[in-house]
Each structure stands twice: as structure tokens, then as C-alpha cells.
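There is one chain below, alone, in C-alpha cells, taken in the form predicted alone.
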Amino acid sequence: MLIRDIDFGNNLILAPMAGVSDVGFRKVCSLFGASATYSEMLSCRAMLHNPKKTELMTIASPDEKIKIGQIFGHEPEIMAEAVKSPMLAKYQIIDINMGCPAPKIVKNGEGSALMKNLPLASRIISECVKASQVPISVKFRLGYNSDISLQFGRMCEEAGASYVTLHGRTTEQGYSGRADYEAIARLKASLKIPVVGNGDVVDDQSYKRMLETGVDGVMIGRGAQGRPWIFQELLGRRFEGSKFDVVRMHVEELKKYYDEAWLTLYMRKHFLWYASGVEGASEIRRELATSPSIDKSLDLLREILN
């Protein structure tokens, strides 16, 4: 996939995941082959009014290849102003989130709530395109409670988006059921701009099914949680290294920017994902869920991963 002069290489992309896509996780996914990585969702209003907290979320690793900043909001003027923020200068592409199903986002008329208001969504995209020096993309779902992805995708194209990403579920589905790959294929066939497919890519079989839709790129989210080496595996190279070394690299990157108390609580979910599926690890998983320190957690993981 080529967006202006930005070459996505193998077209494997790490999805933006709120509370998951930290700089350490993005680093290890990049080292395992992710050609592009997204920031967590960045609030345009917070960017203008609470810049210190937002700026911390824009930290990036030099190991990330194509850096994409994802923004959200519902006010076209504020979003267009945020696009020009120096905080976003490190990103080669800016993505507008119009697919997040989280209730606290939706109730503010943001994320996937914008799929219920196409005129407003169109205005947001066009204003951001006019304000931006880099390509603007849009990530969305099938619709709020029914499939309007063709209509919405065409609107994104007409408003000036350089490419779109479709998650094959509605807002009301959340993450239940299966992603609709047929809908992704229909969207790809109907647009002139590139289409990235997202949803349920967790192994070779699902990856091949997604490729059969004809998409230009494949985005992986939950399939990479606890398995950042999935990118390498999908590229045909079996991971035979030390999983514990991967975990340690993840932690060491975060230690550069965050204090121990925050890390201890934040990393618990990542540690549980890394320990998932390890035979006989149920007791250690319980200890990981309440571990009082990073060092204790790493000791527990060293025991089961090595």
C-alpha cells in the first residue's frame, strides 16, 4: 500500500487500542514486522486544553516504522486546529477515529456515534484534510446498528480521506460475533482509495481469509495482545526466541517514561496476556493479577515463559 510517498511495505498494521498500544508494545510489534503503528486515541479537545497529559501519549519509539496518530472528537473546528498541533508533528499520517464503540466516547457524539451523522462526519474529515500537511485516514465500523459501510466509505473518499480502515462489526456488536469479511470485500470493491481490513485476524487462516477480500492492508489488534510476534509468524517466520526477553523489552521501554507505581498497575493486563495459554500457569496468573511490583511480575513470568 502506497499513501502519497509512504510505502507500507508488508501492509501489516498494528491497530490503535486504547489502554494497550503503549510505546513499548508498539516497539516490540514493530521489531516483529508491523510496518505501521497507531497511537492510542488522542482527544483533540484535550490536545488543546490539557496538552501535558496528551503529549505523554504521543511518545514514540525510533523502532516504529510508519507512525500514525489517531485523533477523536466531534467538533470540526477544534479537530482541524488539533491537526496542526506540534504534538502530531512526529506522525506521517493522522487517522480520525469514527469507530470506537466505548460508551463514554459514544455518549459524547464521538467515535462510532459519528456514523449516525454523516454530514458532521464529512465536515470533520474535510476540515482536517484542509488543515493537515500529511494524509488523513479514517477508521470506522460497519455502522452503529446496521451496515452502512458502503455509504460511509464513499463519504470518506469524497471528503478527502487518503485511505480508510473498516472493522467488520457494528457498534452494537462491540467485539462479539464474527467480523464480516464480505462487507470488507464489498467496500474494497467500491472505493478508489485503499482499504485496510480489521477484525479477527489471529492466525494464518484468518489472515488468508482477510487477504481474500482484496484489501490493501491488514490491521491486527487483539490478535497481537500477548503475542507481538504474530506479525513475524504471518510473514512465514516461526518465532523461536525467548518470550520472556520480549516481555522484558516491552517493560524496559516503558521504564524510560513512566514511574514504577503506574507501570505495576498498567502492565498487569499485558502480563496476563503474555501468560495466556501457558500450561499449568493458572496459579501464577492469579499472582500476576495482584503483583505488588514490576520485578515480582517479571520473576513470575520468567518462571513460566522460560
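Quick note: we count residues from 1 along the sequence shown, nothing fancier. Bear in mind that the values here come from a model prediction, so they are computed numbers and not experimental data.
Missing here is the form predicted together with a small molecule; even so, the following discussion is about that form.
- Against the small molecule in the model of the complex, the set 97, 167 and 222 is in full contact: each member has a heavy atom within 4.5 Å.
- Residues placing heavy atoms within 4.5 Å of the small molecule in the model of the complex fall in a single listed stretch, namely 191-199, out of 85-93, 191-199, 150-158, 126-134.
- Residue in contact with the small molecule in the model of the complex (any heavy atom within 4.5 Å), chosen from 61, 70, 35, 58: 70.
- Between the small molecule and the residues 41, 267, 275, 247, the one pair within 4.5 Å by heavy atoms in the model of the complex involves 41.
- Using a 4.5 angstroms threshold between heavy atoms, residue 24 stays clear of the small molecule in the model of the complex.
- Although the partner is absent here, residue 15 sits close enough that one of its heavy atoms falls within 4.5 Å of the small molecule in the model of the complex.
- Remark: residue 298 does not count among the residues lining the small molecule in the model of the complex, judged by a heavy atom distance of 4.5 Å or less.
- Proximity of residue 284 to the small molecule in the model of the complex falls outside the 4.5 Å heavy atom cutoff.
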